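In the block that follows, a single chain appears as structure tokens, in the form predicted on its own.
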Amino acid sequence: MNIKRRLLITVMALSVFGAASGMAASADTIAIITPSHDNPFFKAEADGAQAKAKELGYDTMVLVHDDDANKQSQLIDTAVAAGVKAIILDNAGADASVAAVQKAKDAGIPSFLIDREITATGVAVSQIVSNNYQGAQLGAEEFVKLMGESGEYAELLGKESDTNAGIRSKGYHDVIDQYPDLKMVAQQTANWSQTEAYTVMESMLQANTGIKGVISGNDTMAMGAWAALEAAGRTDVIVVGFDGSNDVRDSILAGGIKATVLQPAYQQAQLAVTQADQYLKTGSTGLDEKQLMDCVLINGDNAAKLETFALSN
């Protein structure tokens, strides 16, 4: 790493979490590293982890890797140099993140992964992820119902390096492909991005004027697709997302997007911090490394109960 870049990372770390001189963390600090907080899902993760850490008496370092594996590696270097006690991580790629998590482990710092798995076991202490396959099947079943079991549809895929993108797509198709009158006429990645999804949806509509539905790998892309559909005067198109964001909740309540699938980001992040605390105090979480949390279908029936990736009773 060149000197300028190292200085930039150090200055960023100091400004974000107010570490003491020399990058030393306080006696009990947990690093929380996620993709960009521009996505409300990842913001909810960071907020949930930070709130639980504070409740348990820890200070926090909150860092953003922007889905860049190189930047993630540098931020883990920063956390290691600061002497954090544990790392909560929503990683920047299933394969690309293994070395970074191993680096933390080799430095004696345990990692607790949320939302996305890595392609190795025994490196992180916990990998706590939503049951993406189960959730995708819920979303697909609702999509089939809304489509009346027939018609042309398009699929927006997530980032190819993200394991969840493939799992969700498989879950969707294991349900939808059972209905021969449902025909996929377009399928393209929008890399979890709202602006990219808008552009992709515009192109899909131009090439396939008969599209009746869109199933999306996440809510951010669903919002981009819906904006493009509105701009084209195609609010008749059925859109289903995945995540359970407040933006999609509001769209559902306003009669726009029809459904999404809630994965409990806030609760998941808090669970990771609880397990980190348990591990730091006892040397074990008492649980398996890989843990699945089931998802919940959100539609017009229960959308009003959804708030910040959590469903009230």
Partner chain sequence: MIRITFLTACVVAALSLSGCKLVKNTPDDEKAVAADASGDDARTDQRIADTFEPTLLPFVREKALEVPVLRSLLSRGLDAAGQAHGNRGAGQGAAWNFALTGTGTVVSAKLDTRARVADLDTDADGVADLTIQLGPVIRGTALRDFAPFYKFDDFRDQIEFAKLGRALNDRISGAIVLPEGDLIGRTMTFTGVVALKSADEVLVMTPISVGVTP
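All values reported here derive from a predicted model rather than from experimental measurement. Residue numbers count along the first chain shown, from 1. Heads up, when I say rigid core I mean the largest set of C-alphas that superpose within 1.5 Å between the two forms.
We do not show the form predicted together with its partner chain, though everything after this point is about it.
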Which of these stretches, 221 to 229, 178 to 186, 207 to 215, 83 to 91, has heavy atoms within 4.5 Å of its partner chain in the predicted bound form? 178 to 186
Only hit among 288, 38, 55, 66 for heavy atom within 4.5 Å of its partner chain in the predicted bound form is 288
Using a 4.5 Å cut on heavy atoms, which of 200, 157, 167, 238 is close to its partner chain in the predicted bound form? 167
Using a 4.5 Å heavy atom cut-off, state whether residue 301 contacts its partner chain in the predicted bound form. no
Report whether the minimum heavy atom distance between residue 132 and its partner chain in the predicted bound form is within 4.5 Å. yes
Can you tell me whether residue 141 touches its partner chain? I mean in the predicted bound form, with a 4.5 angstroms heavy atom cut-off. yes
At the 4.5 Å heavy atom threshold, is residue 174 in contact with its partner chain in the predicted bound form? yes
Just checking, between this form and the one not shown and with the core aligned, does residue 78 shift 2 Å or more at the CA? no
Large Cα move at residue 117 between this form and the one not shown, threshold 2 Å, rigid core: no
